[in-house]
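In structure tokens, the next block holds one chain alone, the form predicted alone.
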Amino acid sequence: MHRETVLTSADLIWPLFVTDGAGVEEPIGSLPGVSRWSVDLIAARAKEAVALGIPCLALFPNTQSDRRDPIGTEALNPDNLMCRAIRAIRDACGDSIGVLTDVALDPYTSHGQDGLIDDAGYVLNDATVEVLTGQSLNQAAAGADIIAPSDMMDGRIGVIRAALEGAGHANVQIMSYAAKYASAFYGPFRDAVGSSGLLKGDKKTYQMDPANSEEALREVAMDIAEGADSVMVKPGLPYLDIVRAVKDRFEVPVFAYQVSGEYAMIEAAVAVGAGERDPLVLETLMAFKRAGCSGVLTYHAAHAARLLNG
């Protein structure tokens, strides 16, 4: 009667990693229980999500090394892993599940940065935005429901919104990673998309300083003004204060990403007997909802949905 916060499977977004081949499931060593899936098996995961009441999938490609280059050309290929996965999910499930697609160049570049770089290794904001816009149009044409720019380049939301409108994709939403921090919690994700061994330098010139909170509010305000339909805070649990501040300040849906390092810590605790998986998963997800999240991206989505559905 007195419970203030409710968590259901409808609050979850399930991130999935796509890899090349057919009938392929590749377990990811640094993410126990998480695998890369070939396009045909991604479709099966989509059907599973529908059955569990999970309303949306988030897709991330593990691009083959021979398809990576310094300018992320493969991101613009209409037959790349991401686009094929979108079409496979559409064929398998129709409109019964939402498809959210990552927009950033780190899964496609040979240097592992989220954007184009100059000779000194500095990430070029405006040149990157041009490629990100083409990437967004490519994914929208394949059938994406939500474009999620995770790159943190300045001004990209306005340019992508205008391009989507101009290309007839007015109903495609933008979920902006508006407050993405230069965090130490991303390591297993970079393993999953094949960029960890490639990354030269760090991402501190365009991702946020973990010491800053007022800056996050300025970043969110700019992205909303440029046309974002919803915003993302990343990572999750270490930044619940940012989630709450954004929720209190702005009248838009706020999402958080329970990132790979957070997931891996829970699984590591379970492996050594320091905690039980089920209550750890549900308590952490409840914390996101209590802080003001409209939804959570989590690798525990399918497991949590089964628990919540009894």
Ligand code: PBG
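Since we're looking at a predicted model, the values are computed, not measured. Start at 1 and count along the sequence shown; that's the residue number.
Just so you know, the form predicted together with the ligand exists too; it's not on screen, but the next bit is about it.
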{"property": "Partner-contacting position among T73, S150, Q173, T133 - heavy atom within 4.5 Å of the ligand in the model of the complex", "result": "S150"}
{"property": "Heavy atom within 4.5 Å of the ligand in the model of the complex - the one residue of N77, S213, S110, Q207 that qualifies", "result": "Q207"}
{"property": "Interface stretch in the model of the complex with the ligand - options 215-223, 185-193, 156-164, 135-143, non-hydrogen atom within 4.5 Å", "result": "185-193"}
{"property": "Heavy atom of F255 within 4.5 Å of the ligand in the model of the complex", "result": "no"}
{"property": "4.5 angstroms heavy atom contact with the ligand in the model of the complex for F60", "result": "yes"}
{"property": "Partner proximity in the model of the complex: V259 to the ligand, non-hydrogen atom cutoff 4.5 Å", "result": "yes"}
{"property": "Exercise: A104 in contact with the ligand in the model of the complex, heavy atom 4.5 Å", "result": "yes"}
{"property": "Residues from 114-142 in contact with the ligand (non-hydrogen atom within 4.5 Å) in the model of the complex", "result": "D114"}
